[in-house]
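A single chain, nothing else alongside it, follows as structure tokens in the form predicted on its own.
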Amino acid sequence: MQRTRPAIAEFADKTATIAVVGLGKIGLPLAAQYIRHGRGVIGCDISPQVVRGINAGRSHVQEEPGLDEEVAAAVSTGRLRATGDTAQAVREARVIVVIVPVMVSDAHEVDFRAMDAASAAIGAGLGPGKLVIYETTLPVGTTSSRLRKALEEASGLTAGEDFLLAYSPERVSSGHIERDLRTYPKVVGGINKESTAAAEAFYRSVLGAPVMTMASTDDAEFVKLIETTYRDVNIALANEYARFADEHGLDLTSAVAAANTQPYSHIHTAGAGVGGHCIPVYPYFLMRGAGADGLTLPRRSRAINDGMAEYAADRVESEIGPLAGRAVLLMGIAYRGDVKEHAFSTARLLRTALERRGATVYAHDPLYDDREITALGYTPFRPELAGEIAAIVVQAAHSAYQTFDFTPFAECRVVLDGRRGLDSAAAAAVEAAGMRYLYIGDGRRAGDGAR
């Protein structure tokens, strides 16, 4: 049977509707980006609450400046609507962009369930002449094998012939998505030349950033995994430097600042661990294809970074003695400062490390209320408990902590800044309140004076 391929220019046509499958912290801002460039978007999500909210003109994603107003305006003008019926949305769209989560279990096994379900729903609505692009970070080979097969089985069509299929990793961070979409080159790879060309044409029509094409979807998947794993390895190296600095009475921060004036040195920041959707997760995607003995440096880096919570607890104990029967305040359960997201937060590891030593751990986070903190398994801190706190660990660099009042903590002897998140004025306020201010890699040992 002779197939008629769509013209590549059709995917850059402003009249071509886009379906965005997955309206989370990245999916909804992506929809807004496409709308800014004149496109109509159908957003798909399995959450009825998310669908109802968006159709009422409300954004559930609060970290992106201006997104509330953009969603309200797009809904009112008919440029955006949401649905739980992914198959129907796909039938109405020319381009389908998929940003559904793929996670890892506690045993570091990749969990494809959400992506498999989304792909089956997309395939059920897929017709000839459409372009499907996956943006979720994936293990190498996933688009060209697992997801291609799922789409073909559900649709009865052939990828690369009846419909086009590409992969383009998201390269953005919460709170800065609009900026990142403008700035970072868009990496694109298709399962064949036509798929790559179609995806390139589409992204050039909805982004201001350059578009870089790769030889295949596998190559494009590889790009995201190695850039994320590089960061994890670099942070692990910085953490090793920090432990050396503490052992030898050196200040890592000033040493790194000096070293990084050399253009080939790009040492990252040491801290109490690595959290979030990306850095502690995606190295396992890469290792999945490496065999038991491959990629030894990323494997070791994951262990180093996850071990920094125990190191932080050790530093607290070395300063004030055994923690058994004492109370510790954990400041920040979010994985990153000023972002209300707790995926793989180092707070979990810190709480475990402190409790293993017999401490009672209370948690505070200005972005979460007590009900939310409790639901996540922490014990909320209450102001009347201030007199019981023997140590404080700053886990998230929230801007609100720059003006945090440490004076009520009369029995607290140390504040360990696990993110180097307190500025010099806040650190001075800690010392003025009679507590010792420490950070990972400061080289200060018990009994040392201030630097």
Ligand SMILES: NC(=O)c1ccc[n+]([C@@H]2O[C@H](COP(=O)([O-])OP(=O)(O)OC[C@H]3O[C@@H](n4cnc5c(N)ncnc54)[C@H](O)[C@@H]3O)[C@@H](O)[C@H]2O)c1
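Since this is a predicted model, take the numbers as computed values, not measurements. Residues carry their position along the shown sequence, with the first being 1.
In what follows, reference is made to the form predicted in complex with this ligand, a form of this protein that is not presented.
A.B. asks: Report yes if any heavy atom of residue 23 sits within 4.5 Å of a heavy atom of this ligand in the predicted bound form; otherwise report no.
C.D. replies: Yes, contact at 4.5 Å.
A.B. asks: Would you check, heavy atoms only and a 4.5 Å threshold, whether residue 44 touches this ligand in the predicted bound form?
C.D. replies: So residue 44 counts as contacting this ligand.
A.B. asks: Considering only heavy atoms, tell me if residue 139 and this ligand come within 4.5 Å of each other in the predicted bound form.
C.D. replies: No.
A.B. asks: Using a 4.5 angstroms cut-off on non-hydrogen atoms, would residue 148 count as touching this ligand in the predicted bound form?
C.D. replies: Residue 148 lies outside the contact set for this ligand.
A.B. asks: Exactly one residue in 245, 287, 304, 102 has a non-hydrogen atom within 4.5 Å of this ligand in the predicted bound form; which is it?
C.D. replies: Answer to the contact question: 102.
A.B. asks: Counting non-hydrogen atoms within 4.5 angstroms of this ligand in the predicted bound form, say which of 212, 114, 87, 376 makes the cut.
C.D. replies: Exactly one residue meets the criterion: 114.
A.B. asks: Among 166 to 174, 87 to 95, 307 to 315, 252 to 260, mark the stretch whose residues have heavy atoms within 4.5 Å of this ligand in the predicted bound form.
C.D. replies: That would be 166 to 174.
A.B. asks: Going through 271 to 286 from first to last, which residues have a non-hydrogen atom within 4.5 Å of this ligand in the predicted bound form?
C.D. replies: Sequence-ordered list: 277, 278, 282.
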